[in-house]
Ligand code: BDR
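The form predicted alone is given below as one chain in structure tokens.
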């Protein structure tokens, strides 16, 4: 059983990842922390609470940073995830409220309370993770691992020719994380672009799980429309769910140990670059994936939802 906190900017594929974690019998989801990216941090916090309530989970949500460490704030990518983050599904206020504790402080506290056991899975920009590392030097030693959805070593970018979106939106924070060594795993575009979820897959999820699966299917129409228009694909990549699956099934991914640094300026800003001549410890970068097995696991687990 993996003790997991997801750091999230929901987001359609974030919703897919969170519902997967809710259904997975080998995940003990301890809470969510929120970050800007697909939406603002305030909207991400509202959406995180909405997703937990929809899944019948009473878990803590801690709101995180509202802007990158160094760069000015970015405007959210409404054309990818919709104005409210869930495609065409309108805004709704959850009953629950976030903790009166910042995300970075919550992460540090939970890492101390679950020393050596906590896996943190950031599926948005890495600002909260970098802040936790800066506030508590023991944070990286206390966690079991940090499994990042982000980056691209050989695949190229998805927001610029060089950069994956999560890294691009706070490259300075990502570089802080890359300095921290062997407990970090990057699940980036090198593998997530190999896993495609098609309209018929969402239809099957909805047929087996009318409530939550139906919610995901409704969100998916907007998301797949974006993929169809931009990439010519009749489906969407399983970016965030793949990272959550890597937390419990690392054997489905082929990893390479690579010292990484992140470009923090110019046209390559946000690029994750191999730095073999640096003094940095290698981190694990997923380079291959058993795509059919990951997708099958995702679909099977979501079928367990109500």
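Numbering follows the first chain given and starts at 1. Bear in mind the structure is a predicted one, so any value in this text is a computation, not a measurement.
Just so you know, the form predicted together with beta-D-ribofuranose (BDR) exists too; it's not on screen, but the next bit is about it.
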Please tell me which of 142, 209, 158, 217 lies within 4.5 Å of beta-D-ribofuranose (BDR) in the predicted complex, judged by heavy atoms. 158
Ok, 120, 123, 191, 103: which has a heavy atom sitting within 4.5 Å of beta-D-ribofuranose (BDR) in the predicted complex? 123
How about residue 132: is it within 4.5 Å of beta-D-ribofuranose (BDR) in the predicted complex, going by heavy atoms? no
Quick one: is residue 165 in contact with beta-D-ribofuranose (BDR) in the predicted complex, heavy atoms, 4.5 Å cut-off? yes
Does any part of residue 38 reach within 4.5 Å of beta-D-ribofuranose (BDR) in the predicted complex? Heavy atoms only, please. yes
Test of understanding: in the predicted complex, would residue 149 fall inside 4.5 Å of beta-D-ribofuranose (BDR) by heavy atoms? yes
Testing 25-33, 59-67, 271-279, 236-244 against beta-D-ribofuranose (BDR) in the predicted complex with a 4.5 Å heavy atom criterion leaves exactly one stretch, namely 236-244
Where, within 1-33, is there a heavy atom within 4.5 Å of beta-D-ribofuranose (BDR) in the predicted complex? Residue list please. 9, 13, 14
